[in-house]
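Take a look at this single chain, the form predicted on its own, given in structure tokens.
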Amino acid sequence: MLTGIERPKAELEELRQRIARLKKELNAVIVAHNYQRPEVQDVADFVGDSLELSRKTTQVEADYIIFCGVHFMAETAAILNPTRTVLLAHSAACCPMADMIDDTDLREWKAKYPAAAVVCYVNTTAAVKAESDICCTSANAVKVVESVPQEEVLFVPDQNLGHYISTKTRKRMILYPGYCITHARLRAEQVKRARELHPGAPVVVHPECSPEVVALADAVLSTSQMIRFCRESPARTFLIGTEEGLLYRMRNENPGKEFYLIATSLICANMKRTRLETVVETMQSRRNAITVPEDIRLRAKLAIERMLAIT
């Protein structure tokens, strides 16, 4: 686990107290993605997946939203909360997959496939969402694709999630060649080796993994679905194929069960940029405010609302 050198409890407690004071001063809510460091998850008011967290922020009274995640997630929160200030807890926390496509790239692809509906993964910038017909998450992607009237679907930017959808629909899927660099590290050989070490344990992987890995899994699920699956399953041991931060929550919520990361390489360096110190610095300085131009915000919000209307 990429947590660095363990620090004295007194130091961590002082940081937690400073965060609590600043939260009160700012009338702030702190949200943290499932992949964040344990110390960050522990100070958050809500922990979950990106869209789940953005929706949570619309349901609480707060002037500031402190988003512990990566840039596109904070942007989504800003799209849904135009009257509040959204601060990204670390200014350099980006998503390489989201950065693999911009609005210019998407317009060029749309010109090539004018008859196709454009479905964008939530792991995209606001500008890309604004150019799309509808947004989706890994949990609802198949349902979203099935909902559009067009028989052709241009799916951006994750080709692995897009391939997984293609096995669940008769729509013609046109896949943009983006991918999650973390999930792409997981190999089929590693899954097979993990099964040998833990025979009988369900293999649970994210649909951002390669088709070869997905084919070996017992369950292919979003992070929120993984949490539910492992809680409800009678199994006592699980092999997990997603970013290692999720295992902290899984272990906390299921103390009688064992969770093993299939490969030690499943660490997102951008997610791990955020520490308690950066949360304090961001709140003290009110820096890293996320702004989305209003015309882009409104069009991006429409793509998100269309998704929410069917899911």
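These numbers come from a predicted model, not from an experiment. So that there is no doubt, residue numbering starts at 1 and follows the sequence shown.
If you look for the form predicted in complex with 1,3-dihydroxyacetonephosphate, you will not find it shown, but the lines that follow are about it.
1,3-dihydroxyacetonephosphate is not shown here, and in the predicted bound form it never comes within 4.5 Å of any heavy atom of Glu39. Among residues of the shown chain, Ser138 is one whose heavy atoms approach 1,3-dihydroxyacetonephosphate to within 4.5 Å in the predicted bound form. In the predicted bound form, no heavy atom of Ser54 sits within 4.5 Å of 1,3-dihydroxyacetonephosphate. Taking the partner from the other structure, 1,3-dihydroxyacetonephosphate in the predicted bound form has a heavy atom within 4.5 Å of a heavy atom of Tyr121. You can rule out all but one of 79-87, 161-169, 112-120, 202-210: in the predicted bound form, only 202-210 has residues with a heavy atom within 4.5 Å of 1,3-dihydroxyacetonephosphate. Exactly one listed residue, out of Val128, Leu186, Leu154, Met73, brings a non-hydrogen atom to within 4.5 Å of 1,3-dihydroxyacetonephosphate in the predicted bound form: Met73. With contact defined as any non-hydrogen atom lying within 4.5 angstroms of 1,3-dihydroxyacetonephosphate in the predicted bound form, the contacting residues in 207-239 are Glu208, Ser222, Thr223, given in sequence order.
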